[in-house]
Structures are given as C-alpha cells and as structure tokens.
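Just one chain is shown here, as structure tokens, and it is the form predicted on its own.
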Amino acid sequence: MTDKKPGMQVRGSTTGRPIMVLFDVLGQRWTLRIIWELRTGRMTFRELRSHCDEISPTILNQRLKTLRELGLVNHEEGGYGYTEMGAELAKKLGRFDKWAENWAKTLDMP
C-alpha cells in the first residue's frame, strides 16, 4: 500500500495537504510521463512501457500501483487507463501543456 495519501507527510511537506501529496506523487520519476501517455486511451502494460521509452518493468509496476491506489488509474479490459479523477487531472495537465507551448514561444531561443 502506498504511503502517499492526503493527510500523510510527504517529501517537502509535513502537513499532508492534498496538493502537496499530489505534487510529491507527480514528482516521482516517470509518474507524469505515465499519466501523459495514457491520454490517448487505454494501454496494455507492454504498450505503456513502449510509450515510456522502455521504462524498467519494476518502476512501471510501482508507479502504476501507486496511481491505482490513489484512484487515478485503473486496470480493466483493454489495459490501464484513467479513472474519472485521473481523466480530470489529465485535462488539467493538458492546459499546462498549452501554457508551456505559449511560454516556450516567448523565450529567446536560438
């Protein structure tokens, strides 16, 4: 069972505030990438691993377990996909993507 739940102390926060727990979980290596790749639809473990640059199966299993326990991802026929809350989070991340694209255009880049 994951030790990352609202009300529990996480990296950078002793309060266990839900936003801090979410940031801690999303800040774990590969977690955002997994959530991002699932935006196109359900994927089997192998498909997801392939989309994530051949992430270690052990790490993928750990991250999926955490995301499932937190109610963001589920596993049903057809593979892994978002729960209702996971889909809502993915929409919000999509807005960040649009913001980041606009932001990148404002930078002086060669």
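Note that residue numbering begins at 1 and tracks the sequence as displayed. As the structure is a prediction and not an experimental result, all values here were calculated from the model.
The next section is about a form of this same protein that is not shown, the form predicted in complex with the DNA.
Interface membership of Trp30, the DNA in the predicted complex, 4.5 Å heavy atom rule: Contact check for Trp30: yes, within 4.5 Å of the DNA in the predicted complex.
Distance check, Arg39 to the DNA in the predicted complex, heavy atom within 4.5 Å: Judged by the heavy-atom cut-off of 4.5 Å, Arg39 is well away from the DNA in the predicted complex.
The DNA contact at Arg49 in the predicted complex, heavy atom, 4.5 Å: Although the DNA is absent here, Arg49 would touch it in the predicted complex, with heavy atoms inside 4.5 Å.
Proximity of Pro57 to the DNA in the predicted complex, heavy atoms at 4.5 Å: Contact with the DNA, yes.
Sequence-ordered residues of 66-89 touching the DNA in the predicted complex, heavy atom within 4.5 Å: Those in contact are Arg68, His75, Tyr80.
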